[in-house]
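Single chain ahead, by itself, as structure tokens, in the form predicted on its own.
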């Protein structure tokens, strides 16, 4: 029996039906975008839906200020699934966005891990270091912890005050409608998440309403829906409605969504090239046939093959080369073992270079962190 689909910010279960989610969540399919947005995540429909994204397009085309805000949950290893968000952060930063990058340590404390020191260590050593190594610049970037918003008292007060005041504009019924089962800890975390998304528009930060895009996986949409709804009822300040984009979940090695609790379901960006190769060869779900003869005759299914999907999500940046691999595998010309080897070679090359960049990134940490 097929497992029931469950999509919440804290749990993803079952096969994800994206067309159904677009209808249920009231999302819009991505429009044709101008040349400034020529990125493989858009070209390959990995970013598949949006809300009010035209506001961001107009800001870019007219060279107007805009903000890209996102957060990180500091639990577990930073893997290739997280890299998809990092690629978007750096892309928007290169387009001219002011980046607001929140460590959701209060949410993590309330819903996952109670060790505050561990959360801080994971945020810096796993997430921030990888972001920097991938190309995040300290220029035009506001990196912060929910638990310590700013050393500027006016900014910190404005942020926490907003999180408290947003509660006036929400109800228990609304929380239940958006999240289903809800607890006081999750309610508090959700209101703080709303403040994360909205506070760049306050006078203490960007000086006033500014287009703000929040790129997320579709499991995080409940946070967006809540923030969007209550922001428009907030009488103390006139917020510009949030924009958002939604990306497909990158498949885990065994198929399904990557799970931070199962290290064999993902490749971490700190895995050695040898370990990554071992994982791909042993665990990567195949779309091929049972025998070589059958595969040559019937071909494989690249749409479910994890090695191909790794290439699609960015390891093969050339669309034409990707199309050749797709066609060759589907026709049976390319065997599963050969496809896995292509993925292995790409991953090894990426990790070798990335881990050198991680070492260099350690000297740049102080440019992102403020001292107590």
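Note that the structure is predicted; figures quoted are calculated from it, not measured. Residue numbers count along the first chain shown, from 1.
The same protein has a further form, the form predicted together with tryptophan (TRP), not shown here; the description that follows concerns it.
- Message: For the interface check, one of 263-271, 295-303, 102-110, 225-233 should have non-hydrogen atoms within 4.5 Å of tryptophan (TRP) in the predicted complex; which one?
- Response: Stretch 102-110 is the one.
- Using the partner position in the predicted complex, report whether residue 276 sits within 4.5 Å of tryptophan (TRP), counting heavy atoms only. No, residue 276 is distant from the partner.
- Message: Is residue 309 part of the interface with tryptophan (TRP) in the predicted complex - any heavy atom within 4.5 Å?
- Response: Contact check for residue 309: no, nothing within 4.5 Å of tryptophan (TRP) in the predicted complex.
- Message: Taking tryptophan (TRP) as it sits in the predicted complex, is residue 251 near enough to touch it, meaning that at least one heavy atom pair lies within 4.5 angstroms?
- Response: Outside the cut-off, so no.
- Message: Does any part of residue 165 reach within 4.5 Å of tryptophan (TRP) in the predicted complex? Heavy atoms only, please.
- Response: Judged by the heavy-atom cut-off of 4.5 Å, residue 165 is well away from tryptophan (TRP) in the predicted complex.
- Query: With tryptophan (TRP) left out of view, which of 146, 245, 122, 201 would have a heavy atom within 4.5 Å of it in the predicted complex?
  - Reply: That would be 146.
- Task: Taking 4.5 Å between heavy atoms as the contact cutoff, choose which of 210, 95, 216, 158 touches tryptophan (TRP) in the predicted complex.
- Result: Contact with tryptophan (TRP) in the predicted complex is made by 216 alone.
- Quick one: name the residues from 62-81 with any non-hydrogen atom within 4.5 angstroms of tryptophan (TRP) in the predicted complex. 69, 70, 71, 72, 73 sit within 4.5 Å of the partner.
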